[in-house]
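Heads up, the chain below is alone and in the form predicted alone; it's given as structure tokens.
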């Protein structure tokens, strides 16, 4: 079970999140939506412990630690001077992954330097590295940005598989993808979170843009 209870997150005098609560009791894919500047990335950083806040975030009643989360930020931190294969090995060393279970979700030139890749290819190389390990919890911040339609399809196929045994939390501006794949969608607006079940997804645009 994933429990997010952010009583308050402030940057100086500005409140970004207040009484923002999420409780997920079963595996599956869950969406986070909101306009730019509403705090989606800040929410993820609080969950991962990158930001200080008042509250708690736990999974299976234990504190969430970065090594136990598949984390994909909107702009992926990847080293241009490495090849795709070298970056995958670097990621294994970073997380102490002993037996890599490389998913190879995307076809990426393994011996080519990452600095020669397009933005979308860099994201593919990063995700391939992350997916070398199976996780209890996945957080992906705008993972579809920069990917073509085929890569988006491959990514969702993979996430639907891992969601059978894990909790997957995705932020995206592409509502159709979330509508078709999510168990619940959480709208982040005016510092708070509103929960929508599948049968109410059609009401999300009104809530977002009212």
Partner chain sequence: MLQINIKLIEIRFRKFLPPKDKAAIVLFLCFYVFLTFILNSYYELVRNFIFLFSIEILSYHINRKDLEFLKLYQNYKVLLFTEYLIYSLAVLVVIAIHLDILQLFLYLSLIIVYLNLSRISSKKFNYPFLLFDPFWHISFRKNKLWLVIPIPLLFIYLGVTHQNDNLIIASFFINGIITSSVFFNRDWPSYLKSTVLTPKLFIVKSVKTTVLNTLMIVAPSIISLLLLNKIELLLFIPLLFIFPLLNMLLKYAYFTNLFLQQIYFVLAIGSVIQIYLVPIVLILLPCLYNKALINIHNIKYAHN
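Numbering follows the first chain given and starts at 1. Here the structure is a predicted model, which means the values were calculated and not measured.
The form predicted together with its partner chain exists for this protein as well; it is not shown, and the discussion that follows is about that form.
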Within 4.5 angstroms, counting heavy atoms, which one of the listed stretches 148 to 156, 26 to 34, 174 to 182, 55 to 63 is next to its partner chain in the predicted complex?
55 to 63
Interface residue in the predicted complex among 106, 91, 131, 138, criterion: non-hydrogen atom within 4.5 angstroms of its partner chain:
91
Touches its partner chain in the predicted complex: residue 160 (any heavy atom, 4.5 Å):
no
Is residue 51 close enough to touch its partner chain in the predicted complex, meaning at least one heavy atom pair within 4.5 Å?
yes
Using the partner position in the predicted complex, report whether residue 165 sits within 4.5 Å of its partner chain, counting heavy atoms only.
no
Proximity of residue 82 to its partner chain in the predicted complex, heavy atoms at 4.5 Å
yes
Checked 115 to 138 against its partner chain in the predicted complex; residues with a heavy atom within 4.5 Å, sequence order, are 115, 116, 126
